[in-house]
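Shown here is one chain on its own, the form predicted on its own, set out as structure tokens.
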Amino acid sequence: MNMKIKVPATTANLGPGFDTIGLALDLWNETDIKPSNDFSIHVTGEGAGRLARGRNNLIVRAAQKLADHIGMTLPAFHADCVNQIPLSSGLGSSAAAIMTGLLAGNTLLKSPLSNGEILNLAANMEGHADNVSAALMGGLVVSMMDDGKVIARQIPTEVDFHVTVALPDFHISTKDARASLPRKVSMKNAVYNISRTVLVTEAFRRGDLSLLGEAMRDKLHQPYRLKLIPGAQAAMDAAKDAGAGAVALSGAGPSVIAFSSKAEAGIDESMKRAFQKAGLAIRIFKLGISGQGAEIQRL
């Protein structure tokens, strides 16, 4: 069975919503799957020459995990990947690969699992549900995990925000970013984040950029992660000064994401200058929000 699978980039946390909020962005990985004598991967675009080309590729490992989960034999396949999501960027590249593999495996095995069951497997592989939920469902998604089960809901939104992502040439692994976080937080900081998380979802629901700017603040993870990324705090400040309504780290970083009511030319230039002042090259992505999640087209 031949198929094409498209999965969007995602940004997670959105300030205070640590491990609970994800947002799909209009930047896609597209993968053509076809039967083969052995597992093989060909990558064009982001990750070309860096990603594994056989069974160790995350797409194959995810598909194999699904097959093992249901006790079936996974048929070998070849995957042609056209990747637009940069690796280790805070834009959900691993979530996109996991979702691609799980959807491919499920389709090849005649769809034994529901989307909810696929989401549980994806969150188990990723370690949290925010990116994978948004990658599968699209739009703004709030999720929680309870004893290995994901409960996720897409929040209806009426927004036309412009999204500017500044990606510095700086590597920070999710593992290292998590290791920087404190093991205990104060009740005051917990309440600070809970209240703002609720208002972040309301700001997206109403398309209220002013409210989003007030609510998209955090005391649980960003203060610690920003210290690891040269120029990141300066880039966030510069984006606000240039007209961004709200800014945050994208996921664990190193990307900084800015939301505005229009495509402000000064936002990307200001973030670029801040990172360059810290000695880092930078890539800019000007994106929209995707209301559509992962898609499968049988060919």
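From a predicted model like this one, the values you see are computed outputs, not experimental measurements. Numbering starts at 1 and runs along the sequence shown.
There is another form of the same protein, the form predicted together with ligand HSE; it is not shown, and what comes next is about it.
Undergrad: Within 4.5 angstroms, counting heavy atoms, which one of the listed stretches 125-133, 111-119, 210-218, 69-77 is next to ligand HSE in the predicted bound form?
TA: Going through the listed ranges, the match is 125-133.
Undergrad: Between Ile33, Ala258, Ala62, Ala252, only one gets a heavy atom within 4.5 angstroms of ligand HSE in the predicted bound form; which residue is that?
TA: None of the others qualify; the residue that does is Ala252.
Undergrad: Considering only heavy atoms, tell me if Gln84 and ligand HSE come within 4.5 Å of each other in the predicted bound form.
TA: The answer is no: Gln84 has no heavy atom within 4.5 Å of ligand HSE.
Undergrad: Report whether the minimum heavy atom distance between Arg206 and ligand HSE in the predicted bound form is within 4.5 Å.
TA: Result no; Arg206 lies far from ligand HSE in the predicted bound form.
Undergrad: According to a 4.5 angstroms non-hydrogen atom cut-off, is Thr174 in contact with ligand HSE in the predicted bound form?
TA: Close contact exists here: in the predicted bound form, Thr174 approaches ligand HSE to within 4.5 Å, heavy atoms only.
Undergrad: Looking at the partner-bound form in the predicted bound form, is Arg178 within 4.5 Å of ligand HSE by any heavy atom?
TA: So Arg178 counts as contacting ligand HSE.
Undergrad: Does every residue of Ala12, Asp19 and Arg225 put a non-hydrogen atom within 4.5 angstroms of ligand HSE in the predicted bound form?
TA: Heavy-atom distance to ligand HSE in the predicted bound form: all three under 4.5 Å.
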